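One chain follows as structure tokens, the form predicted on its own.
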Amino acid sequence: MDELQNQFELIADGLAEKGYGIAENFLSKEEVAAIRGLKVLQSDIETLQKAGIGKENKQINEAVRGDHIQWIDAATAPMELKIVLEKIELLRTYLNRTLFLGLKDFEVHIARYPAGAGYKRHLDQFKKDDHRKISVVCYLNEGWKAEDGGQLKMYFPDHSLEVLPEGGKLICFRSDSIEHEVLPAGRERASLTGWMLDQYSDLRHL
């Protein structure tokens, strides 16, 4: 638990100081391997839902966003995913206690990007719906190398930052202010991606 506490502190300090925080070892190699063994990551990517753009009247535009997703319901999730969800829930309560963010819930999905696919520069918070407060990305890629690409690129007023999607790494950032994109990769790229909210989530409406 002490190591997990250290990971939480890294995230909280980063969010407070820079608007984003990174924990390199949020998941162990064993936890990443267990999740990668699940059907949702082993099945043909086309069996997952193509991700859309926008909250209302979602549109599929693979030139802008090319990932395939499956939403995760905590009540029915396999144990391999429940372990991660429990860690994210502990992180949510820790951020509330230390940063007073008023986060009430979170929602997550598995995201798989086929080789060559990306997601153009965007904000995670919708114009007419500001309930997404903290974006959360936990990478599920084994043996990832710099030449594989697929970085998360975040934009700031005077610079940008690229984060390599190495397995077990967690990044959290402010949904309302940090524009970002997913750069194309030379191989399939996977993550558990979602948002901490200031309202309760209802996956039935997603």
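We number the residues from 1 along the sequence you see. Small disclaimer: the values here were computed from a predicted structure and weren't measured.
What follows is about the form predicted in complex with ligand OGA, which we do not show.
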Legend entry - Contact segment among 131-139, 100-108, 86-94, 73-81, judged by heavy atoms lying within 4.5 Å of ligand OGA in the model of the complex: 131-139
Legend entry - residue 180: touches ligand OGA in the model of the complex, heavy atom cutoff 4.5 angstroms: yes
Inset, instruction - Give a yes/no on whether residue 27 approaches ligand OGA to within 4.5 Å in the model of the complex, heavy atoms considered. - result: no
Inset, instruction - Evaluate residue 20 for contact with ligand OGA in the model of the complex, applying a 4.5 angstroms cut-off between non-hydrogen atoms, and reply yes or no. - result: no
Inset, instruction - Report whether the minimum heavy atom distance between residue 68 and ligand OGA in the model of the complex is within 4.5 Å. - result: no
